[in-house]
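So this first bit is one chain, no partners, the form predicted on its own, shown in structure tokens.
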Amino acid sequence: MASLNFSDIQGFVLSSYATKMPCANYLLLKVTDVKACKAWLGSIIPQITTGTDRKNDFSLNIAFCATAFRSFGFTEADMISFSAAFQEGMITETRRQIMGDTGNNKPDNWTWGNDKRGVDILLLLFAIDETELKKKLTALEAGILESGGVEVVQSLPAGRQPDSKEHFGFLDGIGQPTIEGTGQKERQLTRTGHATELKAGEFVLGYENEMQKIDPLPAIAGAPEFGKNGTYLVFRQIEQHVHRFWNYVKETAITINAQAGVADQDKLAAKMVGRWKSGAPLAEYPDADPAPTGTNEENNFGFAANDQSGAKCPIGAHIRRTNPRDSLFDDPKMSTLTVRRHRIIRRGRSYGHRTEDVYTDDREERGLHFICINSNIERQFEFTQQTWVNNLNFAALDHETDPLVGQRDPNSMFSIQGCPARTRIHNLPDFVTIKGGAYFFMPGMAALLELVKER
């Protein structure tokens, strides 16, 4: 078992802070003067939360784009040690194709992270309540303004609904893997009765991963272990079109059954997601939500033994694409082993007010700040996006992508397996739109101190 250096790992790698600190704000920054930026960075490093801190009022973490490192004087010899995806950034043609960032989602349309509004640094602030958040945010912004070395490109408020449901209405954050050597497995077992523990190297650089290897460690001149205890962070701002989703579900349910009511709509939506609104998995509860007014974090299930055909949870459902569990191949053990090598840990939160009427467009923007951590962007996050989420032939399906967040074309479809025949729904519109995104590196504390040195 890995022995982690918690004092050198930023706290966000190990915790989402969701329970104690539901209020958040993400500051996207641009470097304007390197020397002044380094002085500012040196002033905030003492405030950065580590894996040994037990703060109750606020937490602060920081991550950097490749552009920031280049501005700090990293040479190409330094940069080559980082992953290709991180070096390139999210908006190159190659990465656009991998991500499905075309049409309405192309970076030209983003509000940040593109050529027009590029970012270098990400500050992640979390607080116990809105009062504390405002106080800390005001102080941070004042320090940024005074520094003369960085400027705010975008300030993104975020939070977590009291019932932990995202804007489409489904319980969020279920089924996250735990990190070996952190004690997370025991805590999750106590709460949900199940936990998938993965090698620390899947999420923290410098440790063994699920392939019994160590992912390449970023190294720079004078600091050969610069990347140790760091991680790669993916950030994508995703607008959710709630009215579009529920109107499509309502109209489609009536097309399938003219007498369809609210219960039929909820069931169709659950088929697309793979869980009921409460979070209960269809693989275990195919007929009705066991907790229609509450929550169900059950995660101790697979698909191979009782639902390989998709009769309970459709093969192309969102949760089955993003985590196929034991159903990827005919051999459940090989499936489980393979899937373990492509997991991510999500750390995102919702933004915007919850709509009062899911069928009406109130013209307010709302969505999800999708954030995940992984040690290998290509093997973990990008693989999931390209090979599972946007794969037209995932698990032998025909011309289908993820029904919730997948790339669309005019004939997008979704199959609901059944006997004697499947039901296939057509012309799925975009239920989400990408508003911004970037790849970041979240260094360990020793690496942060290296950044403020003259190069």
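One rule holds for the numbers: they count along the sequence shown, beginning at 1. None of the values given here were measured: they were computed from a predicted structure.
The same protein also exists as the form predicted in complex with a small molecule; that form is not shown, yet it is the one meant from here on.
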{"property": "Stretch in contact in the predicted complex with the small molecule, which is absent here, among 312 to 320, 184 to 192, 352 to 360, 112 to 120 (heavy atoms within 4.5 Å)", "result": "312 to 320"}
{"property": "Proximity to the small molecule in the predicted complex, single hit among 66, 31, 404, 428 (heavy atom within 4.5 Å)", "result": "404"}
{"property": "Among the candidates 98, 253, 174, 158, the residue which, in the predicted complex, approaches the small molecule to within 4.5 Å (heavy atoms)", "result": "174"}
{"property": "Non-hydrogen atom within 4.5 Å of the small molecule in the predicted complex for each of 166, 325 and 368", "result": "yes"}
{"property": "Touches the small molecule in the predicted complex: residue 271 (any heavy atom, 4.5 Å)", "result": "no"}
{"property": "4.5 Å heavy atom contact, residue 48 to the small molecule in the predicted complex", "result": "no"}
{"property": "Non-hydrogen atom contact residue 285 with the small molecule in the predicted complex at 4.5 angstroms", "result": "no"}
{"property": "Partner proximity in the predicted complex: residue 207 to the small molecule, non-hydrogen atom cutoff 4.5 Å", "result": "no"}
